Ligand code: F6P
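Taking the form predicted on its own, here's one chain by itself in structure tokens.
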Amino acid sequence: MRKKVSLTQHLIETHRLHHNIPEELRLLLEVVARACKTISNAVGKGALGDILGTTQDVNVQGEVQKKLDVLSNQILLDSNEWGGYLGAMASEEMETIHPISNDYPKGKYLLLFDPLDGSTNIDVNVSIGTIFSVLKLPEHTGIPTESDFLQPGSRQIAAGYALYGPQTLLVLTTGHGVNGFTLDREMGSWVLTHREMRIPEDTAEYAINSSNARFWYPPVQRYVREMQTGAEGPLGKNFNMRWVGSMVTDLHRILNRGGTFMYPADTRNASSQQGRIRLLYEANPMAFIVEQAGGAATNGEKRLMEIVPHALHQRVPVFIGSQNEVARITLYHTQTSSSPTE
């Protein structure tokens, strides 16, 4: 039987090989992982912990906050506030950044997170997750500002997600492949269980919210129509559609067996030509993970991680997953003048 490898051991051994995880970054990743364990415990209690339902508040995205949204956000803030490795944090649930208090030492990293992805699934006991991304704080002598977070995804130091399902999983990249860890609930530790995860280049599955079909731009309509025609159509094979409504859950399936996740812009927001997925909190960290696993991620016209953000809560169209299928839908966009941009 293969010896169990803990998250800490994996990070230390990775640093020995690649010299890319100094102690401060390792501590940061370990604390984020510990916060995810705390969130997992809260998720597992459900109604017993009085965390189901909504609050009376609306977040910066204009969405009514779930109780577990607020709790998860606070857990991540409290866990990472005092460690001395961060300059500031930013969350999908907060309007602006959260600088580290003067009560604590400051560090050279920035942490961004979506504390609870797939919130609409909370009350119906469907898998949800946490997404996070780590950037390096630009060198300056002042207090961190929003502009410090507006870095392209290619500058990410690390990214990952936790999936709260039948098992609690942590999937992580530090720029040298993707590895998955399962939470051993009896021991309370993360154990390496999914080594060097890879996405097949080709796929016969896709994930998209088909209820929005009437609003899609022509490239997306064309691509989905071709998949739906199956083996008799131009793509020459049958496709299955899967849609959970949680990006973490849908992309974890794709990471394990291939597929394409699509959340395109559509005619409902034609004036701004934006998508729905948040660039900094969702698209960039997931793109980093998927690319490190051999997949691809674009906004329909360009690589997601090349986009230079202009706002903390910027949204983008997303096409992410198996390399050849993402290339196909991206080609359809570049061939069509009505395709959306970032």
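Since we're looking at a predicted model, the values are computed, not measured. All residue numbers refer to positions in the sequence shown, first residue = 1.
Note that the form predicted in complex with ligand F6P isn't included here; everything after this is about it.
When ligand F6P is considered in the predicted bound form, only one residue from His313, Lys67, Arg26, Arg276 comes within 4.5 Å through any heavy atom, namely Arg276. With the partner removed from view, the residue among Met247, Leu135, Ile254, Leu163 that has a non-hydrogen atom within 4.5 Å of ligand F6P in the predicted bound form turns out to be Met247. At the 4.5 Å threshold, heavy atoms of Phe215 stay clear of ligand F6P in the predicted bound form, well away from it. Although the partner is absent here, Thr267 is not a contact residue: none of its heavy atoms lies within 4.5 angstroms of ligand F6P in the predicted bound form. For the chain shown alone, Trp243 is a contact residue for ligand F6P in the predicted bound form, at least one non-hydrogen atom being within 4.5 angstroms. Within 4.5 Å of some heavy atom of ligand F6P in the predicted bound form lies at least one heavy atom of Gly118. The candidate stretches are 152-160, 72-80, 257-265, 167-175, and the one lying within 4.5 Å of ligand F6P in the predicted bound form by heavy atoms is 257-265.
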